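Presented below, as C-alpha coordinates, is a lone chain in the form predicted alone.
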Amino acid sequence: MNPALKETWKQEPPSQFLLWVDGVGGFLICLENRVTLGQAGGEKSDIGILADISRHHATIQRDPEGYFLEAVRKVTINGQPVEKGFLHSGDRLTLGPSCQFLFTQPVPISASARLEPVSGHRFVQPVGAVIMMADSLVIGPEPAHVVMEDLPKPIILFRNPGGLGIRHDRPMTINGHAFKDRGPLEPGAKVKTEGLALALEIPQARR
(Lines give C-alpha, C1' and ligand atoms only; values in the text may rest on other atoms or scores of the structure.)
Protein backbone atom coordinates (compact mmCIF):
# COMPACT_ATOMS: atom_id res chain seq x y z
CA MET A 1 0.00 0.00 0.00
CA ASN A 2 1.14 3.56 -0.70
CA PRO A 3 2.73 4.81 2.61
CA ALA A 4 1.39 8.34 2.05
CA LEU A 5 -2.15 7.00 1.60
CA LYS A 6 -1.77 4.86 4.71
CA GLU A 7 -0.69 7.88 6.76
CA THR A 8 -3.58 9.96 5.37
CA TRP A 9 -6.03 7.18 6.36
CA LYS A 10 -4.74 7.38 9.95
CA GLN A 11 -4.81 11.17 10.22
CA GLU A 12 -7.97 11.82 8.22
CA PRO A 13 -10.10 8.66 7.90
CA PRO A 14 -12.13 8.67 4.66
CA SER A 15 -15.85 9.32 4.80
CA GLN A 16 -16.50 6.33 2.54
CA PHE A 17 -14.81 3.38 0.89
CA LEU A 18 -15.55 0.65 -1.61
CA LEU A 19 -15.90 -2.93 -0.40
CA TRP A 20 -15.40 -5.63 -3.03
CA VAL A 21 -16.56 -9.15 -2.10
CA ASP A 22 -15.61 -11.92 -4.51
CA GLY A 23 -18.63 -13.72 -5.88
CA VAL A 24 -21.04 -11.13 -4.50
CA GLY A 25 -20.10 -7.70 -5.87
CA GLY A 26 -19.28 -4.18 -4.72
CA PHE A 27 -20.67 -1.96 -1.98
CA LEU A 28 -20.20 1.73 -1.18
CA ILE A 29 -19.65 2.00 2.58
CA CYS A 30 -20.48 5.43 4.07
CA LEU A 31 -18.98 6.15 7.49
CA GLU A 32 -20.51 9.56 8.19
CA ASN A 33 -23.75 9.93 10.17
CA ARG A 34 -25.11 12.21 7.43
CA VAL A 35 -25.12 11.55 3.69
CA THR A 36 -26.58 13.44 0.75
CA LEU A 37 -28.15 11.78 -2.29
CA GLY A 38 -28.16 13.36 -5.72
CA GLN A 39 -27.48 13.14 -9.42
CA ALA A 40 -24.15 11.62 -10.44
CA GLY A 41 -21.55 14.30 -11.07
CA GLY A 42 -22.98 16.68 -8.53
CA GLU A 43 -20.34 17.80 -6.05
CA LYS A 44 -23.03 18.30 -3.42
CA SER A 45 -23.93 14.60 -3.19
CA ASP A 46 -22.14 11.93 -1.16
CA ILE A 47 -24.08 9.21 -3.00
CA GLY A 48 -24.15 9.87 -6.74
CA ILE A 49 -27.02 8.29 -8.68
CA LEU A 50 -27.38 7.91 -12.46
CA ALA A 51 -30.90 9.33 -12.66
CA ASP A 52 -32.88 12.41 -13.59
CA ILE A 53 -32.85 13.95 -10.10
CA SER A 54 -31.41 17.05 -8.46
CA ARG A 55 -27.69 17.29 -7.68
CA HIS A 56 -28.69 17.43 -4.02
CA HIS A 57 -32.03 15.70 -3.83
CA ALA A 58 -32.25 14.46 -0.24
CA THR A 59 -30.31 13.91 2.97
CA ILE A 60 -30.32 10.92 5.31
CA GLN A 61 -29.15 11.45 8.89
CA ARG A 62 -28.40 8.78 11.50
CA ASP A 63 -28.80 9.69 15.18
CA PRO A 64 -29.47 7.71 18.38
CA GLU A 65 -33.19 7.52 17.50
CA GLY A 66 -32.63 6.05 14.04
CA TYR A 67 -32.54 7.34 10.46
CA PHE A 68 -34.18 10.59 9.42
CA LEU A 69 -34.79 11.72 5.84
CA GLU A 70 -35.01 15.35 4.75
CA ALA A 71 -36.15 16.05 1.20
CA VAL A 72 -34.66 18.90 -0.81
CA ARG A 73 -36.65 18.00 -3.93
CA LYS A 74 -39.58 15.64 -4.53
CA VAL A 75 -39.37 12.46 -2.40
CA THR A 76 -41.97 9.87 -1.44
CA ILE A 77 -41.76 7.17 1.23
CA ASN A 78 -43.95 4.17 0.40
CA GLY A 79 -45.78 6.34 -2.11
CA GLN A 80 -46.50 9.21 0.30
CA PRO A 81 -44.90 12.62 -0.39
CA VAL A 82 -42.67 13.77 2.47
CA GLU A 83 -40.45 16.68 3.38
CA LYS A 84 -39.10 15.16 6.59
CA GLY A 85 -39.61 11.82 8.28
CA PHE A 86 -38.06 8.84 10.07
CA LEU A 87 -37.14 5.80 8.03
CA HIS A 88 -38.08 2.24 8.94
CA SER A 89 -36.63 -1.01 7.65
CA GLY A 90 -38.51 -2.00 4.51
CA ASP A 91 -39.39 1.54 3.42
CA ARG A 92 -39.28 2.34 -0.28
CA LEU A 93 -37.91 5.77 -1.14
CA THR A 94 -38.64 7.37 -4.50
CA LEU A 95 -36.54 10.34 -5.60
CA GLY A 96 -38.09 12.35 -8.38
CA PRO A 97 -40.60 10.56 -10.62
CA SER A 98 -39.12 7.05 -10.65
CA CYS A 99 -35.74 6.59 -8.90
CA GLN A 100 -36.63 4.08 -6.17
CA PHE A 101 -34.60 2.52 -3.35
CA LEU A 102 -35.27 -0.05 -0.65
CA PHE A 103 -34.09 1.04 2.80
CA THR A 104 -33.37 -1.79 5.25
CA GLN A 105 -31.71 -2.44 8.57
CA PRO A 106 -31.23 -6.19 8.12
CA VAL A 107 -29.30 -6.92 11.32
CA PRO A 108 -31.34 -6.20 14.48
CA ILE A 109 -28.27 -5.76 16.72
CA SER A 110 -26.58 -3.30 14.34
CA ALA A 111 -27.54 0.30 13.58
CA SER A 112 -26.06 0.07 10.08
CA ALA A 113 -28.48 0.45 7.17
CA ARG A 114 -28.54 -0.64 3.54
CA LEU A 115 -29.84 1.35 0.55
CA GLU A 116 -30.46 -0.70 -2.59
CA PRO A 117 -31.85 0.46 -5.96
CA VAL A 118 -35.00 -1.37 -7.06
CA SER A 119 -36.01 0.69 -10.12
CA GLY A 120 -33.14 -0.15 -12.46
CA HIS A 121 -31.17 3.01 -11.64
CA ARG A 122 -27.51 2.73 -10.69
CA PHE A 123 -24.99 4.45 -8.48
CA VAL A 124 -22.06 6.31 -10.03
CA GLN A 125 -19.73 3.63 -8.63
CA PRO A 126 -20.21 0.10 -10.00
CA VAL A 127 -21.80 -1.15 -6.77
CA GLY A 128 -25.03 -2.95 -5.98
CA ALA A 129 -25.88 -1.18 -2.72
CA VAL A 130 -24.84 1.52 -0.27
CA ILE A 131 -24.30 0.68 3.39
CA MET A 132 -24.41 3.42 6.00
CA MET A 133 -22.07 1.83 8.53
CA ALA A 134 -22.58 2.59 12.21
CA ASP A 135 -20.39 0.47 14.51
CA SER A 136 -20.43 -2.77 12.55
CA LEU A 137 -21.08 -4.43 9.20
CA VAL A 138 -21.98 -8.12 8.94
CA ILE A 139 -21.05 -10.38 6.02
CA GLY A 140 -22.55 -13.88 6.03
CA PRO A 141 -25.83 -15.80 6.11
CA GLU A 142 -28.98 -13.79 6.78
CA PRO A 143 -29.46 -11.61 8.70
CA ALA A 144 -26.50 -9.70 7.23
CA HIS A 145 -25.71 -6.43 5.46
CA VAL A 146 -23.85 -8.41 2.78
CA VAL A 147 -25.53 -11.78 2.34
CA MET A 148 -23.38 -14.87 1.68
CA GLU A 149 -25.44 -17.93 2.54
CA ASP A 150 -22.55 -20.33 1.89
CA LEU A 151 -20.17 -18.61 4.32
CA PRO A 152 -19.66 -20.99 7.29
CA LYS A 153 -19.45 -18.21 9.89
CA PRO A 154 -20.23 -14.48 9.66
CA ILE A 155 -17.45 -11.93 9.31
CA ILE A 156 -17.73 -8.61 11.13
CA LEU A 157 -16.20 -5.33 10.02
CA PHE A 158 -16.10 -2.92 12.96
CA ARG A 159 -14.96 0.54 13.96
CA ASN A 160 -12.21 1.05 16.51
CA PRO A 161 -10.22 4.09 17.71
CA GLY A 162 -7.56 3.39 15.08
CA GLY A 163 -9.96 3.08 12.16
CA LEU A 164 -11.48 -0.19 11.00
CA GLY A 165 -10.98 -3.81 11.93
CA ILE A 166 -12.24 -7.24 10.92
CA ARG A 167 -13.31 -10.12 13.17
CA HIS A 168 -13.77 -13.78 12.26
CA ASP A 169 -13.49 -17.01 14.20
CA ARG A 170 -11.57 -18.71 11.39
CA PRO A 171 -7.92 -18.13 10.35
CA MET A 172 -7.49 -15.35 7.77
CA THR A 173 -4.79 -13.40 5.98
CA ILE A 174 -4.71 -9.62 5.48
CA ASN A 175 -2.32 -8.58 2.71
CA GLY A 176 -0.62 -11.95 3.10
CA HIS A 177 -0.14 -11.72 6.88
CA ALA A 178 -1.84 -14.31 9.08
CA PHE A 179 -4.35 -13.33 11.78
CA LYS A 180 -6.25 -15.59 14.13
CA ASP A 181 -9.53 -13.88 15.17
CA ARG A 182 -9.20 -10.19 14.23
CA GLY A 183 -7.01 -7.72 12.42
CA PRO A 184 -6.73 -4.14 11.13
CA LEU A 185 -8.19 -2.85 7.86
CA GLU A 186 -6.96 0.04 5.73
CA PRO A 187 -7.24 1.15 2.08
CA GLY A 188 -5.86 -1.54 -0.18
CA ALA A 189 -6.42 -4.30 2.37
CA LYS A 190 -7.06 -7.72 0.83
CA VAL A 191 -8.57 -10.33 3.11
CA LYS A 192 -8.77 -14.05 2.48
CA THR A 193 -10.37 -16.69 4.66
CA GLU A 194 -12.36 -19.87 4.26
CA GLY A 195 -15.02 -19.24 1.62
CA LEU A 196 -14.33 -15.51 1.23
CA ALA A 197 -12.02 -12.94 -0.33
CA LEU A 198 -12.60 -9.19 -0.03
CA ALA A 199 -10.80 -5.91 -0.64
CA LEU A 200 -11.11 -2.27 0.47
CA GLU A 201 -10.56 0.74 -1.77
CA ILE A 202 -11.06 4.49 -1.47
CA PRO A 203 -13.21 5.84 -4.36
CA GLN A 204 -11.02 7.46 -7.01
CA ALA A 205 -12.52 10.94 -6.57
CA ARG A 206 -11.78 10.85 -2.82
CA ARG A 207 -8.15 9.68 -2.84
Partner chain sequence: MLMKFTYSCGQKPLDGYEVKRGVGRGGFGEVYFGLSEGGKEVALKVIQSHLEIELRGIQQCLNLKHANLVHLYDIRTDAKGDRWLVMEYVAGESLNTILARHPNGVAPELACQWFQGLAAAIHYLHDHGIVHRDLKPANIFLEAGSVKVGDYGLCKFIGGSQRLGQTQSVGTVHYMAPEISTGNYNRQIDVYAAGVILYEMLSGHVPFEGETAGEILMKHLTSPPDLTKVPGEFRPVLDTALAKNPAQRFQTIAEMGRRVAAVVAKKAEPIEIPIRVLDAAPSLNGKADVLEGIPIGHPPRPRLLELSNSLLLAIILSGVFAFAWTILTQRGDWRTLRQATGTTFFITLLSSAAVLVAAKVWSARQSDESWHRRITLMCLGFCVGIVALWFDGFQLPWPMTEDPNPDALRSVANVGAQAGRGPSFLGGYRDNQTLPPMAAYLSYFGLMFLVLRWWKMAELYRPARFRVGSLIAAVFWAFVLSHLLLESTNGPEAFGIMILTAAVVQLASPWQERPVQRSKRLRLKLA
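Positions refer to the first chain, counted from 1. Bear in mind that the values here come from a model prediction, so they are computed numbers and not experimental data.
Beyond what is shown, the protein has a form predicted in complex with the partner chain; the following relates to that form.
Proximity of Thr193 to the partner chain in the predicted complex falls within the 4.5 Å heavy atom cutoff. Within this chain, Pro108 is remote from the site of the partner chain in the predicted complex, having no heavy atom within 4.5 Å. For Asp181, no non-hydrogen atom is located within 4.5 Å of the partner chain in the predicted complex, even though that partner is not displayed. Looking at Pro81, you'd find every heavy atom of it more than 4.5 angstroms from the partner chain in the predicted complex. No residue of the trio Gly66, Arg114 and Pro117 has any heavy atom within 4.5 Å of the partner chain in the predicted complex. Between the options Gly26, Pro141, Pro171, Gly162, the residue in contact with the partner chain in the predicted complex by a heavy atom within 4.5 angstroms is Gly26.
You can rule out all but one of 100 to 108, 84 to 92, 118 to 126, 71 to 79: in the predicted complex, only 118 to 126 has residues with a heavy atom within 4.5 Å of the partner chain. Contacts of stretch 99 to 115 with the partner chain in the predicted complex, defined by any heavy atom lying within 4.5 Å, are made by none of its residues.
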